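Only one chain is shown below, in C-alpha cells, and it's the form predicted alone.
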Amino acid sequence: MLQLPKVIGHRGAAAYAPENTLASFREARRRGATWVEIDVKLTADAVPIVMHDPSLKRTMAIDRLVAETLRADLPKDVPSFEDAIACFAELGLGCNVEIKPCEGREVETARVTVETLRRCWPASLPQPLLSSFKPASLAAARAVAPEFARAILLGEIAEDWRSRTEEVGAVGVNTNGAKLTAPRAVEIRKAGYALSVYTINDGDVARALIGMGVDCIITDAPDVILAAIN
C-alpha cells in the first residue's frame, strides 16, 4: 500500500504564507511537514506552474486566466513546477502533486506533469503521489507514467467510489474530511486504499479522523495538526 506521512501541508503552509509559493513550502518545512500538496496547471505556452485557480485574480490580484498567460508574463512569485521540485530537493520534501488542468487541457496537463517529474524529480526524495479530480488526467498519467502512484480526488464518497477509483488505477482516495463518515472510511481502508482528507485545520477534528482510520491529514497548518495527533 501507498505509504504517506500523517500530515501533508496544503499548498505548502497556506495558513502562514501565500499558497503554492516557495515561501509557503519553506514555511511548511519549518513547521514540521515532511510532505506538501501542490496544484499544477499549464500556462499559455504549456509551461507547468504551481497554481490552483484558473485565474490569477484571487492570489495575484491580476484579472487574467492562466491558460491565456505566457510563463514570462507571470508574477515572479508564481513558481514553475521545476522551481518547486528544486525547492523540494533542497528541503527534503515529498509531494502530493494535484493535476489541476484548465478546462479542456486535462490530458495535456497530465502528460506535461509526469514528463517533468520523470526529468526532474530527485532520487533522494520519496516518489511523488499524483492526484486529480479529473479522471481523464489520472488516466493519461497512468498511460504515460504508470510508475507514479495515483489517488483519486472525490468531493464526497458516493456509492460508486470504488468503481471510479478502479477505473483510473488509483491506489489512494483523497476526500473532503468534513464530509467523510466513519463507515465510508472503514470501507475504503478495508478495500486496501490509502485514505487522505483535506483541508483539516482543527486538531480535535484531525484526531477524530485518524481514529476513523484516515491515513493522512492535508492541512493549511501542519504544525497545529502535528501537535494534535502526536
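Nothing here was measured: the structure is a model prediction, and the numbers come from that model. Don't overthink the numbering: it's just position in the shown sequence, from 1.
Another form, the form predicted in complex with a small molecule, is not on view; read the next lines as being about it.
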Would you kindly say which of Arg189, Arg26, Arg162, His52 lies with a heavy atom within 4.5 Å of the small molecule in the predicted complex?
-> His52
Quick one: of Cys87, Leu153, Ala140, Cys95, which gets a non-hydrogen atom within 4.5 angstroms of the small molecule in the predicted complex?
-> Leu153
Please name which of the stretches 31-39, 65-73, 162-170, 201-209 has residues with heavy atoms lying within 4.5 Å of the small molecule in the predicted complex.
-> 31-39
Touches the small molecule in the predicted complex: Phe133 (any heavy atom, 4.5 Å) | yes
Report whether the minimum heavy atom distance between Ile218 and the small molecule in the predicted complex is within 4.5 Å.
-> yes
Arg111 within 4.5 Å of the small molecule in the predicted complex, heavy atoms = no
